[in-house]
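Given next, in structure tokens, is a single chain: the form predicted alone.
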Amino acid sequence: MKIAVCVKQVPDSETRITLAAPAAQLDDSGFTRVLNPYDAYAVEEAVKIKEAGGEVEVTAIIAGPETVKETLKKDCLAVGCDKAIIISDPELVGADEMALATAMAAVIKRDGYDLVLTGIKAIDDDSGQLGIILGEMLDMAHVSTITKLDLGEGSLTAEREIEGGKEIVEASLPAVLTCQKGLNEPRLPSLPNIMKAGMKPMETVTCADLGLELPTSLSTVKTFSPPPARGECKLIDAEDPAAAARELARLLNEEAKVI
């Protein structure tokens, strides 16, 4: 079985963003970049399938510049992925998920995979479209937001959380699955494995290598704006609790307009 794990490098959620006024772009020169947290569940699930036995090869696929190599080594290859493929093309910097999916689908079609895993969304754009688009482009079955996975002979059974309960879905392979918290507990890489990861195959390709015209993003971010400043805190000074409650209700109704 060949498994592809489509991952993304994103700014660390603790990265401080400096934005004093609306701007067309963020200054990301000081950002700390990490593996998208939801993609870690996809990586872990692929490695667990490999460790369960059988001939399984796990490939991490990412689009980005040379700086993604460290993330691939530490968070993909060092925890059990066998190799990595980097789609490195300047035109893909800042691309939307349609363009990224077009490039990743070309790699998946070229090499042929039985199972494609990715996170439910990336924490930078929060759009959650990559897995769905890949399933459509590859003409594969797609199951989203899975919390449990069992593989059979040419088929799978996945469990996903829905409002008020759980849904069990059966699908045939090949398939695209998006993974979320609750599916597993991603492991941390050991120092020896991080050192060994540098010896695993890492291929770099461009869109031209894949026979693709540069994919065009269908959506672009026009402006980044800082959140509105917090309003002044207003204290209610009243000795009578009932009077204080009435004044609070009035303020919430007339000024805050939330009730």
Partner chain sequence: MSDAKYPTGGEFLLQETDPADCFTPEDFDENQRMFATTVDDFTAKHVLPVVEELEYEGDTTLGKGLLKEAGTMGLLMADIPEAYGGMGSNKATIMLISEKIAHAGSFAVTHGAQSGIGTLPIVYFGTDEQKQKYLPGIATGEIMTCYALTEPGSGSDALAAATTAMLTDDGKHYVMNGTKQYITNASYSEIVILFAKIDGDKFTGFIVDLSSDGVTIGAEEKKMGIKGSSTCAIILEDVKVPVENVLGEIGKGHHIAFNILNVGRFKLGASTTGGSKMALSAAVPYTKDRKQFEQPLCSFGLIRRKIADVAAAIFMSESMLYRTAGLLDVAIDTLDKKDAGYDRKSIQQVEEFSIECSMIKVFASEVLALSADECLQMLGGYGYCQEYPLERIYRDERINRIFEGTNEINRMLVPGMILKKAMKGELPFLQAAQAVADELTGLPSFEEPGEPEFLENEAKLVANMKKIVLATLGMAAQKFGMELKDQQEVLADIADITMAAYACESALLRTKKKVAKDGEEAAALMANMFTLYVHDAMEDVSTWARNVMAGTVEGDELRTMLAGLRRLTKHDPVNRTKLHDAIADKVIEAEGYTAE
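It should be emphasised that the depicted structure is a prediction, and the values quoted were computed from it without experimental measurement. Residue numbers count along the first chain shown, from 1.
Just so you know, the form predicted in complex with the partner chain exists too; it's not on screen, but the next bit is about it.
Out of the listed residues Ala52, Cys233, Ala229, Leu191, Leu191 is the one that sits within 4.5 Å of the partner chain in the model of the complex by at least one heavy atom.
Contact annotation: of the candidates Asp126, Glu163, Glu185, Asp139, the single residue with a non-hydrogen atom within 4.5 angstroms of the partner chain in the model of the complex is Glu185. Using a 4.5 angstroms threshold between heavy atoms, Leu218 stays clear of the partner chain in the model of the complex. Within 4.5 Å of some heavy atom of the partner chain in the model of the complex lies at least one heavy atom of Glu70. Heavy atoms of Lys83 never reach within 4.5 Å of the partner chain in the model of the complex, leaving it off the interface.
In the model of the complex, the partner chain sits within 4.5 Å of a heavy atom of Met195. The chain is drawn here without the partner chain; in the model of the complex, the stretch among 154-162, 73-81, 95-103, 108-116 whose residues come within 4.5 Å of it by any heavy atom is 73-81. For the partner-free chain shown, just Arg16 of 5-19 comes within 4.5 angstroms of the partner chain in the model of the complex, judged by any non-hydrogen atom.
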